[in-house]
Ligand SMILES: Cc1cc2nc3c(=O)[nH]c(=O)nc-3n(C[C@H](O)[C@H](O)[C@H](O)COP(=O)(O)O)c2cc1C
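Okay, here we've got a single chain as structure tokens, the form predicted on its own, with questions on binding and movement later.
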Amino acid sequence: MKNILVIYFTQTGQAKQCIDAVLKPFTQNPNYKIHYELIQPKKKFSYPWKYTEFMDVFPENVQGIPCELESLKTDLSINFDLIFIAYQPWFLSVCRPINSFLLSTEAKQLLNNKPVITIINCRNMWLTAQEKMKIHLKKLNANLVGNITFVDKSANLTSLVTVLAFELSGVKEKFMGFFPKYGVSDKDLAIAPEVGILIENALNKNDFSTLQSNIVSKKLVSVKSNLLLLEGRGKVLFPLYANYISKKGTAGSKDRKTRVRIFGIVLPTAILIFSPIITLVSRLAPLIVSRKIKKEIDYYSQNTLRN
């Protein structure tokens, strides 16, 4: 009997949907026991969000400041054979609940010297968050052996509208009657059990060396050159904005509300302005610096950390 631990956070249930799709081969096999650990902040985050509430989580999330969590239900004495961590990027960083778990003493005990597979579900930008995840796992002496991404397939500006409709009002289907459904595609969910079989084979052989390349071959790792460039701007600017807001107070503070509101206007405006420009640049970039773009895509498609 092999023990598998799934550590996850979800507000909408979409992360669990992705987990269930990947783990389908395991749930159908009595030789595996799956333990689920839903990470729960003591102070719950709202869903649907209010817009200012949503923007107010930005500074602490980018700065990696942990929040208090409910006690884990998992038996820490179990020797897990494989651990999944399912999370969402918030503002190009690991969402605060999962980031808080990764900073805990329980994470040190559970993840030490264990193979880990990350499952990301998000709008489309996950590269910077996964780099931060890699750093956490390295510090915890965990071995990242696989990464699976479930992203919205719509164009960047379209998904900006649909994700805000989903997060702020809970509307997932046909916002305003004509925007596409937000979220993970049915096609990706249908492919996920095939990846689950690849994971099962790697686990039984105790050989994960080719797992990530097999996941990539199933097209469940999405790295787009235009988003790569857009994230590059964000990861430089976001810490500056986070510091600008947090200087006026901690999360929920009235003293920083004005700065939060300003950021809430600046962020979508910047995306609207720069997204078309960067999309154009990204289409020209492969013609000018094709090797560099390919090198970056190859890097983010695998699991090692840059020196």
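Please read these numbers as outputs of a predicted model, since none were measured by experiment. Note that residue numbering begins at 1 and tracks the sequence as displayed.
Beyond the structure shown, there is the form predicted together with the ligand, which is absent from this document and is the topic of what follows.
Interface membership of residue 106, defined by any non-hydrogen atom within 4.5 Å of the ligand in the predicted bound form, is ruled out. Although the partner is absent here, residue 242 sits far enough away that none of its heavy atoms falls within 4.5 Å of the ligand in the predicted bound form. Though the partner is left out of this view, residue 88 does reach within 4.5 Å of the ligand in the predicted bound form, counting heavy atoms only.
Though the partner is left out of this view, residue 80 does not reach within 4.5 Å of the ligand in the predicted bound form, counting heavy atoms only. Of the listed positions (192, 144, 125, 211), a single one reaches within 4.5 angstroms of the ligand by any non-hydrogen atom in the predicted bound form, namely 125. When the ligand is considered in the predicted bound form, only one residue from 229, 135, 237, 163 comes within 4.5 Å through any heavy atom, namely 163.
Of the candidate stretches 196 to 204, 135 to 143, 216 to 224, 117 to 125, only 117 to 125 has residues whose heavy atoms lie within 4.5 Å of the ligand in the predicted bound form. Heavy atoms closer than or equal to 4.5 Å to the ligand in the predicted bound form belong, across 14 to 31, to the residues 14, 15, ordered by sequence position.
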